[in-house]
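Same chain, two forms, each on its own as structure tokens: structure 1, then structure 2.
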Structure 1
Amino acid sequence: MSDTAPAGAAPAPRRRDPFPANWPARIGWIALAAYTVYAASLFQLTWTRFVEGLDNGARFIARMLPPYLGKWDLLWRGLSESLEIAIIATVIGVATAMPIGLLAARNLMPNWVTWPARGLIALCRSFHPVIVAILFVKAVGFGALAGIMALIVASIGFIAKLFAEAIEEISLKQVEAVRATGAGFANVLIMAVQPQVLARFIGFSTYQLDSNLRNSTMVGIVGGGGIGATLFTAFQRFDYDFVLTILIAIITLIMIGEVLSGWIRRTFQ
């Protein structure tokens, strides 16, 4: 085969390096590495501390095993309250987020309506649910209600933003067609907008249910009800074996929620 190559070919011209060095990128990598070293030194992230931590970790895991299975009643009450918080917060949150998202959609609403709606959404989004829960615990006292209200705020921030974006991406042809028949605003929404966004909207809502389920297990740390309070108490009492039981239960609950929301998304595709 190699015989077919021309025998007296001229010496090849100096070829361009196919992968030239990219100096700005290299400087960027060096800067990133320098920052990492600097920040790690700020946190006293040293090898001895790491080894010490591994030692602690081994003892910690040893104390976690085997998981403690004695307090079923406490576990079940916390888990079911978390689940209830997540469901109620998702339903109310989604129902509230729908009109707000509609008001924030720039292709259907005038500017003076969208700006306040967008500001409200930004405000709801900027605080972590646990921080919002602290404020609601002060406002409505300890218990599930504070957790529900905190998660409603979180749901509004997330769903309304995505819903507004979904509405802004719809095809306006169908809106014009329905308008041309003389339909009013409500009919335009029902006949032209709703069919285009319903599937995505269900997708966002199931995602929010997942997210609320995760956070409803956490708002208890600040007094918002649910399994979080049980978890935090077990941590503070060094009942690490019960902590492991609670963690396994929470992860199982979240996994079941994910399977369920996957089923809902497929149903409404």
Structure 2
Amino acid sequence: MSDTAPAGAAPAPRRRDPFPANWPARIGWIALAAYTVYAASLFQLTWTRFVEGLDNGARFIARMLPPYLGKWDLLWRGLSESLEIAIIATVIGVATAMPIGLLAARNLMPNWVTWPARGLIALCRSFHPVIVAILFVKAVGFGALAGIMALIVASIGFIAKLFAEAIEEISLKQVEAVRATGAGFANVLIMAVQPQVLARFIGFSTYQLDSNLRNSTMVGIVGGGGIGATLFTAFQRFDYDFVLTILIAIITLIMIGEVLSGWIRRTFQ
């Protein structure tokens, strides 16, 4: 029998590779790996330094044990101040972010309104809270006020962006239905927009509260008040046993905040 196709017959279809090679992606991964190796060589990331770091870390942890429990008044003042900073910054930040996020929603507002609002959101998101806290410390001095203002800026950047995106994802059928009744803009927001975004907005707000609890410790290190300032002072005095006590207290505070945030989300969603 001959393997050749008969004259005039259609050629056999070419077999298609079900998993074609994606050469642009492969080249990109290779370039990323090469750049990672190059960057590591610039920073002198060697195995010897890593092993020495483990030894130094073990000695540092040994100096922290056991935790010192003799400064409860100082610890409590720092924790209570951090909690107050986080709550005040969250309340003011969320209240300010709501109208900004509404103005940034492109499905409800014209472009000449949304672009400035989105520019303000981008500005608030451009810098880490620690950087913002340093600027406010220079402006208003050391203390809780600088930390509160820094976390307000961070809250506006986070909440306003997510709130605007949540509004842009709503169904416009309810909005048009309420508008058809002759309702004004405020009534449209209350009756058509608010029911669709309320649950997500509560989730955003509780997460921001949890985030501000963590960030309140960081802004305190640069002079923004709270337990971060107590932690920085303990480091400067080489009171590493008290440092461990502060770290345990911070972890406990964050865990309690996480439990409360989860309870609030389950209750209102």
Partner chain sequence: MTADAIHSPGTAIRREWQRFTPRQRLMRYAFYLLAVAALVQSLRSIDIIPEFLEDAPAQVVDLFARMWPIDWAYYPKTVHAALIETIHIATLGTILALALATPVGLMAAVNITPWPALRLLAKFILVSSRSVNSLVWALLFVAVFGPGALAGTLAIAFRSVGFVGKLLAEALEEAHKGPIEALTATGAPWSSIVLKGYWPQVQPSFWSIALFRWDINIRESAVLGLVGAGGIGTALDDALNLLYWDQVALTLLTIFAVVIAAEIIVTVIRSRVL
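Along the sequence of structure 1, residues get numbers from 1 upward. As the structure is a computational prediction, the values presented were derived from the model and not from experiment. Rigid core here is just the name for the largest C-alpha set that superposes within 1.5 Å across the two forms.
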| query | finding |
| --- | --- |
| Either 1 or 2, the form predicted in complex with the partner chain | 1 |
| G28 C-alpha shift between the two structures of 2 Å or more, rigid core reference | yes |
| Is_shifted L69 between the two structures (CA, 2 Å cut-off, rigid core) | no |
| L45: Cα shift of 2 Å or greater between the two structures (core-aligned) | yes |
